[in-house]
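Next up: a single chain in structure tokens, the form predicted on its own.
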Amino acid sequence: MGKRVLVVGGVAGGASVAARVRRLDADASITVFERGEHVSFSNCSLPYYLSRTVEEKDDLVMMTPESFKASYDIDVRVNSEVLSIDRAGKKVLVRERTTGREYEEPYDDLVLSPGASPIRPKSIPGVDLPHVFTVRNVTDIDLLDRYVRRENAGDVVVVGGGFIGLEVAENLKEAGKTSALWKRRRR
């Protein structure tokens, strides 16, 4: 058995690292732990699900754990959160989010690529209400889409004027919604 490489986080960063390690070392044992439900999806295409330019949410998913195994011999564990790192013992503590089961996984090399979390300023009243959404992954865009359709929401405010925010506003408009884009100006 080759070197044991663990990658914490999937999507663009972690999945790319894992594939690169495979190209460099055919004998390595590579495991990717992804906290979320999907290990590889098209971030840039997420907003296009709102207008159905991307018709099915599954069309946003680029690779599954099964396809990683078949294509690259990489073990991908979704819904698996790395809770702690024991650097001296060279092992991580992992919790399966669906079952709550915790276990340790040893490593020779560890790569951290956990991504980022959207900012939800607690100083804004209502930021934690059930009709306030973030757009970071397939689950997020699906929750937003289901809410907008279920509630027949006509007016939607998009906070954040980056590329994804602009595309969310554009695709909500394409879906027949009135959307307003709000971006904080820096002084």
Ligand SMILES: Cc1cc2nc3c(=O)[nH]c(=O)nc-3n(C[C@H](O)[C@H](O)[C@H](O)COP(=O)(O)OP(=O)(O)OC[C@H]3O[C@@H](n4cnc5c(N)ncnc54)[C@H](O)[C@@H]3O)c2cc1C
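Residues carry their position along the shown sequence, with the first being 1. Computed from a prediction, not measured in an experiment: that's the story for all the values here.
Omitted here: the form predicted together with the ligand. The next part is about that form.
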Identify which of C44, V127, A70, A26 has a heavy atom within 4.5 Å of the ligand in the predicted complex; exactly one of them does. C44
Exactly one of V158, L60, V135, I30 has a non-hydrogen atom within 4.5 Å of the ligand in the predicted complex; which residue is it? V135
Please run the contact check for V11 against the ligand in the predicted complex: heavy atoms, 4.5 angstroms, yes or no? yes
So in the predicted complex, is the ligand close enough to A88 to count as touching (4.5 Å, heavy atoms)? no
Is I164 a contact residue for the ligand in the predicted complex, using a 4.5 Å heavy atom cut-off? yes
Does V76 reach the ligand in the predicted complex, with heavy atoms at most 4.5 Å apart? no
Choose from 119-127, 62-70, 150-158, 44-52 the stretch whose residues reach within 4.5 Å of the ligand in the predicted complex, heavy atoms counted. 44-52
Could you list which residues of 81-119 come within 4.5 Å of the ligand in the predicted complex, counting heavy atoms only? E81, V82, S113, P114, G115, A116
